[in-house]
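The chain that follows stands alone, in the form predicted alone, written as structure tokens.
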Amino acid sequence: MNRGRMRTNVLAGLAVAAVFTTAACGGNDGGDNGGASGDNGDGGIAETITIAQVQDQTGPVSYAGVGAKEGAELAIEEINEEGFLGDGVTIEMEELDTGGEIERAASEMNKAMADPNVSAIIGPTQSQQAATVAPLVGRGEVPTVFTQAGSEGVVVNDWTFRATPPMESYYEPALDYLEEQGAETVSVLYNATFPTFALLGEDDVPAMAEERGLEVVQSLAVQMTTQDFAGQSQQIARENPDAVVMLLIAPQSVTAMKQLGTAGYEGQVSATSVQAAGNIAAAGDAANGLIYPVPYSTAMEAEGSVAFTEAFEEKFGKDANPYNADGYDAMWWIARAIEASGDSSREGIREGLEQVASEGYSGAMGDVTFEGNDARVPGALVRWEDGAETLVQ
């Protein structure tokens, strides 16, 4: 275990301990899920159903939480306007900002779970936060649907669900493309603080590369706080691999792409869905030709994807992105769960989420299937060129 991971685990453990103490001293003393909306004892659907969104609205990866909020808002509008859950039944969303902090995420989750009006939660997008609060979800017995948060330790009990497929489950098309283009050598540049990227950079990408006969000639780890990639870019340019797999958060990737170009590297760069949502646009021409696999893109042609793309553009006047699709599908999954069980209590939603997962559904990300409570989608490989995404395959 590297020092970054060890520190993350220590922080996570402290946060869990702190929240358990808080819950014991001043938590929900109403018992039996605290009388959450819809927990009316008759297995019915409440007229007003409150869903809490506990995600970053500020901080370095707030684009994921803000994006999910917009998608969820569109879903709620559709659900309420069409009377999906019955005449007069409405879903409302309460927003709680985790601010990019593990301890704050635990505190805000505890607050949401203690609120008797909250029937379900859309949980943190950052893996460190999600893995910290997941055990709390099992203890509090509040159905929680995570978006993003693709690391291990998130879907860990009967009350935890994930609407976004783990990145490694749809990353293989990027390596397939590199192989098809004749690449033989690959350098990996990854954020070792970010659990999803650490898993990809240290385990999954090297394994996928080996399966395809690609040699990983460099593996360069950086931290969440790294802002200058000139040194790493020069190392990559000197090695001159056929391709670079770049696993960085959005602000870092913009700087890295510019500095790779400045260092003279001209090979193919493959990134992640984090570079979607226009997050790479600030790199300008340096980002042209970048490829990355995504669970959703406006270029996707599946019926559910097209319908979402058009509805989002109409409501917000801009193109949708994967984070919007995450929030949209998560909220619709919750609504389908309530319809399936006929029960908007916490237990009813949990049972309904499992039932819907067993059947799958068509959503913004196309046809969504599940492994247990964990979503899977085919995904798509896209190329960024002159400010727009186009399908590669």
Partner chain sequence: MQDVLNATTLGSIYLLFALGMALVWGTIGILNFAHGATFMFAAFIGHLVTARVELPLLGVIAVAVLVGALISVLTQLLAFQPILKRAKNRHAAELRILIAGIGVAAIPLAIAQRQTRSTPFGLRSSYSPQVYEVFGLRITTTAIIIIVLGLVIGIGMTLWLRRSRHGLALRALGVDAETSAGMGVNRTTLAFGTMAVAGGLAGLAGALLTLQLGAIAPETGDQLIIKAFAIIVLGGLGSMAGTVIGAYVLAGAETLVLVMNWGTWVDAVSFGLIFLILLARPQGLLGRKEVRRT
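What you see is a predicted model, and the numbers here were worked out from it, not measured in a lab. Definition used throughout: the rigid core is the maximal C-alpha set that superposes within 1.5 Å between two forms. Positions refer to the first chain, counted from 1.
Omitted from view is the form predicted together with the partner chain, to which the following refers.
Partner contacts here mean any heavy atom within 4.5 Å of the partner chain in the predicted complex, and among 83 to 91, 169 to 177, 206 to 214, 228 to 236 they occur only in 228 to 236. When the partner chain is considered in the predicted complex, residue 343 lies well away from it, no heavy atom lying within 4.5 Å.
Contact annotation: residue 264 falls within 4.5 Å of the partner chain in the predicted complex, judged by heavy atom distances. Using a 4.5 angstroms threshold between heavy atoms, residue 63 counts as touching the partner chain in the predicted complex. Within 4.5 Å of any heavy atom of the partner chain in the predicted complex lies no heavy atom of residue 307. With the partner omitted from this view, the residue of 254, 137, 243, 291 that lies near the partner chain in the predicted complex is 254 [heavy atom within 4.5 Å]. Scanning 299, 311, 221, 302 against the partner chain in the predicted complex with a 4.5 Å heavy atom cut-off leaves one residue, 221. Remark: all three candidate residues (59, 192 and 259) come within 4.5 Å of the partner chain in the predicted complex, counting heavy atoms only. Residue 70 is the sole member of 68 to 82 found to place a heavy atom within 4.5 Å of the partner chain in the predicted complex. When two forms of a protein are overlaid on their rigid core, residues whose CA moves 2 Å or more are considered shifted, and residue 57 is one of them between this form and the one not shown.
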